[in-house]
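There is one chain below, alone, in C-alpha cells, taken in the form predicted alone.
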C-alpha cells in the first residue's frame, strides 16, 4: 500500500510534477541573486536567498512541490572539509587531509555548520503552507558523497574512489560509516525543521560492481532509511540512482518513491517493484532543452505508460542551465493536460 502521507502530499489525479534542480541557472532571476555572492556555499548559507530561490519555480511555474535549495556536498562542511564550485568545472573538494580526518579515533561532526539549511527549511515551510504544497529535503548517499570527497574532482569512470575501495577497505568502510551517521542526522534535522519528504541521491552508484554496490551503496542507504523510518515513520523517502539493478532484497521496505533516471522505461518495472512504490521521472533533460514535438511525444509516452500507476512527473536528472523557459511551460502544460483513457 502506498504510504498514506504521500497521498496527503500529492493528488495523483492531477498529474503532479516537479523537477530536480528546478531552482537553478535556467531562471534569469536566479542568476541575478547568484551574482550577489562570492561563492556558491555563501549563497546556500543565506536564509533569505535560499528562501527566495526555493520559492522561485513555485511562483513562476506552479510546480507541485518545492525542493529546498542546497547541495549534497554541503554536509562536508560539518567535517571541516572545504568545497569550491568552479564555473565550467563543477565542485572541487579540497581533500588533501581527508584520510587523516577519517583515521582519527574521535571525528568531530559540527552540525552547527549546517544550521542555515534547517533555518531555511523553516522559513520556506512557513511560506509553502499557504500554497498547500509539500517541501522536499535531500541528501547525497554515502557512496556518491564519498566519490566527490575522495576524487576531489570527479573523474569520468570514478577510478580514484573505486581504487581506494579495493585497496584500503578499512578506510573506505570508515568513510562510509561516518558519512552514514552524518547523513542520517542531516536528513532527520531536515524533517524536524519541516520538510515533508526526503530524496536520497546516489547518482554515482552505477559505476559499482554487484558486490561493491551492496557494500557501499545499497547497504548504507538501507541503514539510513531504516533509521529514518524508525524516527520519522510518516515521512516518505524517495530514492534516485542511475543504477538499474533493483534486485535488492528488503531494500524497498523503507523506500516509498523510486526516482528513475532517463536510461530506463519505467513501465517495465511496474510488475517488478512492490506495488506500494510511487514512480517518479524520467524525461531526459536534453529532451526538455530541445523541446518541440519530440519532447511532447516523449512526455505523452511517459504519461501513457504511467496512467495506471501512482506517478510524479519529473526529469531523469537535473534540469540543464540552457533550458528555455518556454519548454518548461510547455512540458508542464502537456503533463497537466494529459487525461488517462484507462
Ligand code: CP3
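Positions refer to the first chain, counted from 1. Since the model is a prediction, treat every value here as computed from it, not as a measurement.
Omitted here: the form predicted in complex with the ligand. The next part is about that form.
By the 4.5 Å heavy atom rule, the three marked residues 14, 63 and 330 all fail to count as contacting the ligand in the predicted complex. With the partner omitted here, the residue from 213, 128, 255, 73 that has a non-hydrogen atom within 4.5 angstroms of the ligand in the predicted complex is 73. Shown without its partner, this chain lists 288, 312, 299, 68 as candidates; in the predicted complex, only 68 has a non-hydrogen atom within 4.5 angstroms of the ligand. Residue contact with the ligand in the predicted complex: residue 85 places a heavy atom within 4.5 Å of it. For residue 37, no non-hydrogen atom is located within 4.5 Å of the ligand in the predicted complex, even though that partner is not displayed. Taking non-hydrogen atoms only, residue 138 approaches the ligand to within 4.5 angstroms in the predicted complex.
By the criterion of a heavy atom within 4.5 Å, residue 91 is counted among the residues contacting the ligand in the predicted complex. With the ligand left out of view, the stretch that reaches within 4.5 Å of it through heavy atoms in the predicted complex is, among 288 to 296, 22 to 30, 275 to 283, 301 to 309, 22 to 30.
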